[in-house]
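Presented as structure tokens, the chain that follows is alone, the form predicted alone.
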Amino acid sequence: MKDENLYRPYAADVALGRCSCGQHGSQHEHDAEAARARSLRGEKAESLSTDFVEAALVRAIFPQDATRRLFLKAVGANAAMAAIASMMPISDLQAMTLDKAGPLEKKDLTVGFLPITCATPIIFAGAADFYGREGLNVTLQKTAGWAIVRDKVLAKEFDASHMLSPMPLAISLGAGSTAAPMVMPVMENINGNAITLHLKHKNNRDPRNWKGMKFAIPFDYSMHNFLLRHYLAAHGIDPDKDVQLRVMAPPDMVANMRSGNIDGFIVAEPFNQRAVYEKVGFIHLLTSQIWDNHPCCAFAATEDFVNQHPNTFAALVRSIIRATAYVNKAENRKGVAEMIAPANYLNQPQTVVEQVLVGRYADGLGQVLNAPDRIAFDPFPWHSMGVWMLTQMKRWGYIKGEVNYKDIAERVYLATDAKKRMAELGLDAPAQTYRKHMILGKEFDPAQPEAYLKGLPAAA
């Protein structure tokens, strides 16, 4: 027989007819009130910080959760709190944490984003008021294209923004724009893109036959550009001579494919899936088939903004890391799709967004495929990923001369900062910041970037 009784008559810590504290009509009412109180605490940055310190200390004392539960059952919660407080200066440590964090230098912020699923953590952090929990009032500004994002960040119209992961590197180097030191503390997503072709090419799947075709890319300094170039070159196609690559805002790509202005595009979702939905294109391949778990978009700001607003920036980063952890869970994806699909965010049919986030999708060729990792959300900014992007900038002539790959990647990609913010939220971060990556069957060793470049075809 199951103990499903609302009043829990078989629970030793419950008094029948009322709750364990004696102030509620039932234990159910007691638990509901306690849950509401905890939820209210979770909306305040100060209580989040102090509660985390206390929880971390208890976890350090009892690394095995079973031991902690046995101890609590043996002595009771109040006695346990008193005993631990007598041994550990919890209140002092909590006060130190709050003092170290300091007040927010700026609470009203404008953050830019493009209406693509890569921006899901930034959008969801606003929709779920994760920014508000950190004491921030963030206005999310939807933007049409990446050059506009860059210019608005440099003009200080945006305090921080969703960016393509190579953009902070390029801007810091003055590639394609005025040089300005940038920082990128968190990656937003990995995977999440595809090469999509016009339906007229459904029998033209071999890239070696793509000479003369026109492809849209969202920006020169994008993983899309670098991955497409890498893929074409591996199949004997010179991306600068044999095909045309046109920079185009992602929201314009489906319409240009429908009108015949382009043969295909490589872009973030949901526009690949939207082309299938509109019956104008098919998904040739997901970019995860080129490089599984490749980086895509990120959250970035100028170094000046961070120096002037360190506490504000830390609060922003925590908000986005918290959102990233939530949206990465498979069980949350359908609800997230419903939340971000409306006009003020992605402005897409919910079914299109859901196919991307859940990973069960129509490919435009009559098949329904399953790819649970079609897009994933991982906040850690690997330095090795930054090094690969820099090799591609050099390979295709976007930067010239000697490149100190390691120094640039480590100055821009704030992996140490990411580790700190992830730890504040109880999340694990990798111990190292460099790792080898397998890209189109060839290993990339970030410790040997020049050797890797020399082994690639069609270098500019």
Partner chain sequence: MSTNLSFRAALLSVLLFACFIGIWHLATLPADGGAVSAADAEYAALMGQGAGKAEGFPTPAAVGRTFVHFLSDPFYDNGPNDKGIGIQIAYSLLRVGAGFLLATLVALPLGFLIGMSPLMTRALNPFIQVLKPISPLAWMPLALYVLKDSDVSGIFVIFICSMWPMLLNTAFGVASVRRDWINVARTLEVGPVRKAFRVILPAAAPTILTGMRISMGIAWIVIVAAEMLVGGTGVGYFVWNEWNNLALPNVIFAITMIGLVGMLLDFAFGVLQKMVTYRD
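Only a predicted model underlies this, so the values are computations on that prediction, with no experimental measurement involved. Numbering follows the first chain given and starts at 1.
Just so you know, the form predicted together with its partner chain exists too; it's not on screen, but the next bit is about it.
Practice problem: Within 4.5 Å of its partner chain in the model of the complex, counting heavy atoms only, one of 288 to 296, 376 to 384, 341 to 349, 68 to 76 shows up; tell me which. | Solution: That would be 341 to 349.
Quiz item: Hey, in the model of the complex, does Tyr277 get a heavy atom within 4.5 angstroms of its partner chain?
Solution: Heavy-atom contact with its partner chain at 4.5 Å: present for Tyr277.
Quiz item: Going by a heavy atom distance of 4.5 Å, is Pro251 a contact of its partner chain in the model of the complex?
Solution: Residue-level check for Pro251: yes, a contact with its partner chain.
Exercise. Look up in the model of the complex whether Leu365 has a non-hydrogen atom within 4.5 angstroms of its partner chain, and give yes or no.
Key: Output for Leu365 is yes: heavy atoms within 4.5 Å of its partner chain.
Quiz item: in the model of the complex, does Ser259 have a heavy atom within 4.5 Å of its partner chain?
Solution: Outside the cut-off, so no.
Practice problem: Identify whether its partner chain in the model of the complex is within 4.5 Å of every residue in the set Phe113, Thr143 and Glu157, based on non-hydrogen atoms. | Solution: Answer is yes for this spot.
Practice problem: Tell me, out of Thr139, Gln244, Gln308, Asn209, which residue has a non-hydrogen atom within 4.5 angstroms of its partner chain in the model of the complex. | Solution: Filtering the options by heavy-atom distance leaves Thr139.
Quiz prompt | Residue among Thr302, Asn191, Thr312, Gln355 with a heavy atom within 4.5 Å of its partner chain in the model of the complex | solution = By the 4.5 Å heavy-atom cutoff, the listed residue in contact is Gln355.
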